[in-house]
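Here's a solo chain for you in structure tokens, the form predicted alone.
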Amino acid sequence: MSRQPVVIIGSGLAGYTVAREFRKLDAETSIQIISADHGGFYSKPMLSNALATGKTPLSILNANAEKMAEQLKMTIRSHSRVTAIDPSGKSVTLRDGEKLPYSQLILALGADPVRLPLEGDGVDAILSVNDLDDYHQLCTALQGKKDVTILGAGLIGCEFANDLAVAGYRVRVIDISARPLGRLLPQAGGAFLQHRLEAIGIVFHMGAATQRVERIHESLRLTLDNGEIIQTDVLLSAIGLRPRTALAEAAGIKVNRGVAVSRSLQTRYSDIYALGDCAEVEGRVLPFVMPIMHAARGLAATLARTPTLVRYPAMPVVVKTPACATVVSPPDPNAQGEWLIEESESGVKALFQSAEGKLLGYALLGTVTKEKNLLATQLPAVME
């Protein structure tokens, strides 16, 4: 009796990478990817630095669903949405009522942009970019416009701010934190990054929160909690991401911040797994590229009947802000230690060390980013 297909819900980097890695190990088992959108493959991280180089949505797409299906010898169900998972019956139900059986099910559901609870009749005009269709919507909204305001000075907010400024737009960034990348950088690093981004024309409104968004003819008017009024053509939200967990939770799968999985990426059901932005691996949600790559390789081996625990080495994150080269490997939130900081006009080198002098994390900005690889060899693994 032939094996039922391996079914992957989601066609982002996580879904396609696990399919590709599994196909290297198993050329015969049927694979089905169920995608809510077009199902094409592209680099999502590229979306936050594509405007300055004039990349269109079409040019960002590496391969459409048909090419991916042919390349990996699998079936891709584009524009299909799973509405229910039946763990006991080992099947998923699609929006049209069709049921698909699986031998193993992989949740690569991704994450949704966090939406702020704002007041005003302009709230529905707030854009966010989480996929290629969103990027197309942003490109359309920017036509003939000049002023762009970004809500959020985190990783994605800063990357979009840099990209939009280089593309010729007047950019403002609003965040409740005191400095950009407040969750990743020590104060000196955030100040250096802010100074470099201000040098290319970006205006920061830090320590402030947006309360209202109102439509004023073709523009939007923002009211901040400090009373400041900002008028803008386009408003982009980059507050953060929230793992998509509703489908799993409705099926009785344990959910915390993300879909709870073990080191083998297994949920409480032995044949249902999760990885990528939707997954919480032993308490960690890691919405970055490198964790996805490591997770996909480990999971592919497990699916090919070689049970494998996922290992995460130190995985420094390169922030795509050309105006200020930045690489950060944040220490574990529970790590005990302190930041040792060296500042100069050309960069900031911040090392987070334990009382015994062991390197637990770093933040490098400017010219000192050249030390990233050497320092990475001294870092502890994120998960052994």
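Being a predicted model, the structure only gives us computed values, none of them experimental. Each residue number is its position in the shown sequence, starting from 1.
Heads up, the form predicted together with a small molecule isn't pictured, but that's what we're talking about next.
Participant: Where does the small molecule sit in the model of the complex: which of 64-72, 338-346, 317-325, 355-363, heavy atoms within 4.5 Å?
Facilitator: Within 4.5 Å of the partner lies stretch 317-325.
Participant: Identify, from the list 200, 289, 139, 206, the residue with a heavy atom within 4.5 Å of the small molecule in the model of the complex.
Facilitator: Checked against the cut-off, the match is 289.
Participant: Would you mind picking the one in 193, 150, 259, 109 that has a heavy atom within 4.5 Å of the small molecule in the model of the complex?
Facilitator: None of the others qualify; the residue that does is 109.
Participant: Hey, in the model of the complex, is residue 273 touching the small molecule, heavy atoms inside 4.5 Å?
Facilitator: Flag for residue 273 set to no.
Participant: Residue-level contact is defined here as any heavy atom of the residue lying within 4.5 Å of the small molecule in the model of the complex; does residue 103 satisfy this criterion?
Facilitator: Looking in the model of the complex, residue contacts with the small molecule do not include residue 103, since no heavy atom lies within 4.5 Å.
Participant: Under a 4.5 Å heavy atom criterion, is residue 60 part of the interface with the small molecule in the model of the complex?
Facilitator: Because no heavy atom of residue 60 falls inside 4.5 Å of the small molecule in the model of the complex, the answer is no.
Participant: So in the model of the complex, is the small molecule close enough to residue 284 to count as touching (4.5 Å, heavy atoms)?
Facilitator: Although the small molecule is absent here, residue 284 would stay clear of it in the model of the complex, with no heavy atoms inside 4.5 Å.
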